[in-house]
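Read the single chain below, which is given as structure tokens and is the form predicted on its own.
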Amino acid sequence: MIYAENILICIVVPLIVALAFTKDKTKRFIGAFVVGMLACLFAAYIGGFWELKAALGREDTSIFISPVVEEIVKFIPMLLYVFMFEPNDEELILTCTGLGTGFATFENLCQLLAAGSESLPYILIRGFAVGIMHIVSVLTMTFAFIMLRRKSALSVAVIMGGLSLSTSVHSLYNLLVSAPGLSSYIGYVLPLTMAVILYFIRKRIAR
């Protein structure tokens, strides 16, 4: 058993102090990173509650509950940031990248402390698949949001559509890796493949 709250304190306190000595983009990224870790802990509380409430197994929870809970928890701070600060495209991408990175880092750290870090294949999966997946899912939502905002097409339905898109990416990954075999290998490659695609989309948005 690990105490995630204690781990969070040890990581967050130095980062908060670092905020006092940073400016602009660095401050924005660190702040989003901290929010991402807090979101991860909050999502774990909610996911654990619904796992017990629905009496589902861990595998069913990871497919049907975790993607929805985790993407909503990442979506809420992004939406608040957009409407409170009205960031431009670059600021929004930077902040959401920090948000996804903080979420992925804290989840990976807790999982490694709980399961151990002796297995290299497990480490590679956590880093290159699960870790990247959280960044990819939040950036999928972010890029959809940016492109629709440019076309002045933002509405409640469109915003919910962006959330559904990121949730679908997350759910698809969890579904593919839930069973051993070819599907799991496809799932492990999916986040990195999508990261490459999103990289070129980001270059297109920048132009």
Partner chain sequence: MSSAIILEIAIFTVQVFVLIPIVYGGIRLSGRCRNSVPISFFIFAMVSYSLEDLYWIVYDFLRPHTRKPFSSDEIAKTATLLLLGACLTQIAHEYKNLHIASLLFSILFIGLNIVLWILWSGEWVQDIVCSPPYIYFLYVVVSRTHNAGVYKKSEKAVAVAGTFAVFALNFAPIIFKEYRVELDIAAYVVMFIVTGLAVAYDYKGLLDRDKDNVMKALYTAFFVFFWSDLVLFMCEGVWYIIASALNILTLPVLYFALKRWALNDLR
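Positions refer to the first chain, counted from 1. Worth saying up front: this structure is predicted, and the values here are computed from it rather than measured.
What comes next is about the form predicted together with the partner chain, which does not appear here.
- The partner chain in the predicted complex is not approached by L38, whose heavy atoms all lie more than 4.5 angstroms from it.
- Taking the partner from elsewhere, G161 is found to have a heavy atom lying within 4.5 Å of the partner chain in the predicted complex.
- Although the partner is absent here, F64 sits close enough that one of its heavy atoms falls within 4.5 Å of the partner chain in the predicted complex.
- With a 4.5 Å cutoff on heavy atoms, E51 does not count as touching the partner chain in the predicted complex; it lies far away.
- Contact with the partner chain in the predicted complex holds for all three of E59, L165 and L176, each having a heavy atom within 4.5 Å.
- Residues are counted as partner-facing when one of their heavy atoms sits within 4.5 Å of the partner chain in the predicted complex; in 81-97 not one qualifies.
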